[in-house]
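Presented as structure tokens, the chain that follows is alone, the form predicted alone.
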Amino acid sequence: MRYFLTSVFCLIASLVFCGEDFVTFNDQTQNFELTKEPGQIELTWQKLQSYVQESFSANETIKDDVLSINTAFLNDLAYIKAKKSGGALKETEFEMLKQWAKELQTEKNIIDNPQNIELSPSTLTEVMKRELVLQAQRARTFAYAPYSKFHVGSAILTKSGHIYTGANYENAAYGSTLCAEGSAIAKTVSFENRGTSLQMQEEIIAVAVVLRGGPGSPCGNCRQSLFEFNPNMLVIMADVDGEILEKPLSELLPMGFGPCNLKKAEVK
């Protein structure tokens, strides 16, 4: 069953977020297929739910983890179905939902850049943005949110094309909770091992944030944390169904305070 699940989803894994295609479950081939004219709508939703849920029992060994992940997945599923009034399953929604299953995830550490574009907030293609959103959703499935049940994922993109992801994690002492964006920033600095260079050369060019009920923007603390490294980065805010809103960070934090303000205050 595990091999079957993986092969089924790999059929369309390379076609992430392409246009307005729909996903339909073909009862004869027992596979999910891309189509312009969706059919078997209710069956497709049911099969997606059963396949993802079966993967939990195959991968998760701790019962409480299975229950927690299953609840979060079902909440996303119900939210998307309600939002579209039970309509056909879009490819974007399919790719976002299947990230809840570890073995079905599409993990990327480097953005696809076949034309070797010089990456900046203004040169990112729609495909790149969607890839970054997908990685934020993948990270979101690992969020530790036992108190709020509010899962958030974030993915940071640097000029070099590297992707660093993070999820929110909560604490019984609520003030010790860390947001997904802060988690992704910490990972970026730790892996690159060059925090000063990241800041001075504005190496972080984009961040994607995914949550349910969005597109939702980073909180005030996270906007300030991101502002430290590049006021001009692109902030891609996405709902769990792939709906996207984009804004430059400077618009989300007008008249922000950063390293340049401290520099101006220096007496020489």
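Since this is a predicted model, take the numbers as computed values, not measurements. All residue numbers are counted from 1 along the displayed sequence.
There is also a form predicted together with a small molecule; it is not shown, and the following applies to it.
A.B. asks: Out of 230-238, 214-222, 66-74, 38-46, where are the residues with a heavy atom within 4.5 Å of the small molecule in the predicted bound form?
C.D. replies: Single hit among the candidates: 214-222.
A.B. asks: Could you tell me which one of Leu104, Cys179, Leu119, Met128 places a heavy atom within 4.5 Å of the small molecule in the predicted bound form?
C.D. replies: Only one listed residue qualifies here, and that residue is Cys179.
A.B. asks: By the heavy atom within 4.5 Å rule, which residue out of Ser148, Ser190, Ser197, Thr123 makes contact with the small molecule in the predicted bound form?
C.D. replies: Exactly one listed residue reaches within 4.5 Å, namely Ser148.
A.B. asks: Hey, in the predicted bound form, is Asn168 touching the small molecule, heavy atoms inside 4.5 Å?
C.D. replies: Yes, contact at 4.5 Å.
A.B. asks: Should Val152 be classed as touching the small molecule in the predicted bound form when contacts are defined as heavy atoms within 4.5 Å?
C.D. replies: Judged by the heavy-atom cut-off of 4.5 Å, Val152 is in contact with the small molecule in the predicted bound form.
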